[in-house]
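The chain that follows stands alone, in the form predicted on its own, written as structure tokens.
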Amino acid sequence: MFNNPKKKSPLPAKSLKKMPHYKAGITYKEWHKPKPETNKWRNIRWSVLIAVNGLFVVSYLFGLSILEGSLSGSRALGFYLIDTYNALQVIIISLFDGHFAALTINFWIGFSTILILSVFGGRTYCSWVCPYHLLAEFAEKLHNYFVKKKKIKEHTYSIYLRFVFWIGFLFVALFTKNIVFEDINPVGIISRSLIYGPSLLLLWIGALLLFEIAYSKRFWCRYACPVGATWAITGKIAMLDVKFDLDKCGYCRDCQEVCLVPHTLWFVEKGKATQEVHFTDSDCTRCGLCIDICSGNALNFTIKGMDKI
């Protein structure tokens, strides 16, 4: 489960006779025809994201006890839910100020429920629920357009930078005895603005999006967000994943081009795969873009271990 397939010796690149187009008796150009623009999984994902966030709004406007609160902390049909990273900050604060025993059963229910869900789906929350993620997707399209037109240059950072923020905000919470991160958390800001009305904090969201458009695409999601970093940690043992079948791959790398976290698909590059079947790593948001575009259906959602049942 925790073995790193990157450390294994790569398999030899497939010969022509083992390529999927050759097996199908057609040319590579015929095999690599663009798939119809169905965007099946993207459309399903956007629908789920809008529906979840919309349910918060509807519940508040009509006084319904369906989904109360916001994405930072809520109740679903009376069942408490709390963002895992927020819960970790509360736990650390309470451990050092002597209030740990005062944490309520509802707190532990909310924390445990979301933790269990993240163990099942990993970073699925990021692309299927987070409202900032949707805005960042559109910002990325603009960024890529300006890069293609050579108006701007791409700037990247180490993906491990987010763990500096992850640890940093925990220390800030400890020393201030306050969940300071929530004051700048785009998820919470957008969620509360949708439900209770806009605030001046949306200017911070606008500035962040402008930075991602003009300088470094998806900077917050890839390099800064401690919430996403938390899901990446639990994603190490996530059951829901994207499965890659090397036998069906034609080395076109279309999937990597559309991937929101392209380093998770390192094995699709020619001569890089170390085994016949790979799974995306814990950074994968299970957005489905790679599945939608793959000409050979080499990528698909799967539940790990189901094939053994």
Partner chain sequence: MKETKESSRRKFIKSAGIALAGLTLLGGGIGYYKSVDGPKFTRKPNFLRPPGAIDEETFVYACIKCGLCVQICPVEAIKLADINKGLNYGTPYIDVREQACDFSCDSLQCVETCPTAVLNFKPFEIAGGNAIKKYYKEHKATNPGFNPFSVQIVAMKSRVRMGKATINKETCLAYHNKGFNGRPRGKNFKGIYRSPNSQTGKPAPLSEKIFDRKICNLCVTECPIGDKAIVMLASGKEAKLRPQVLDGCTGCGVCVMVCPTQQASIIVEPIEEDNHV
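Residue numbers count along the first chain shown, from 1. Keep in mind the model is a prediction, meaning the values are calculated, not measured.
Heads up, the form predicted together with the partner chain isn't pictured, but that's what we're talking about next.
Proximity to the partner chain in the predicted complex, taken as a non-hydrogen atom within 4.5 angstroms, holds for one residue of Lys141, His99, Lys149, Lys153, which is His99. Checking Leu135, Val180, Ile237, Ala214 against the partner chain in the predicted complex, a heavy atom within 4.5 Å turns up for just one residue: Val180. Three-residue candidate spot Ile233, Leu289 and Phe301; no residue lies within 4.5 angstroms of the partner chain in the predicted complex by any non-hydrogen atom. The candidate stretches are 254-262, 44-52, 276-284, 66-74, and the one lying within 4.5 Å of the partner chain in the predicted complex by heavy atoms is 66-74. Among heavy atoms of Tyr160, some come within 4.5 Å of the partner chain in the predicted complex. In the predicted complex, at least one heavy atom of Tyr60 sits within 4.5 Å of a heavy atom of the partner chain.
The partner chain in the predicted complex is approached by Asn86, whose closest heavy atom lies within 4.5 angstroms of it. None of the heavy atoms of Gly206 is located within 4.5 Å of the partner chain in the predicted complex.
Contact annotation for 157-177: residues with any non-hydrogen atom within 4.5 angstroms of the partner chain in the predicted complex are Tyr157, Ser158, Tyr160, Leu161, Val164, Phe165, Gly168, Phe169, Val172, Thr176, Lys177, listed in sequence order.
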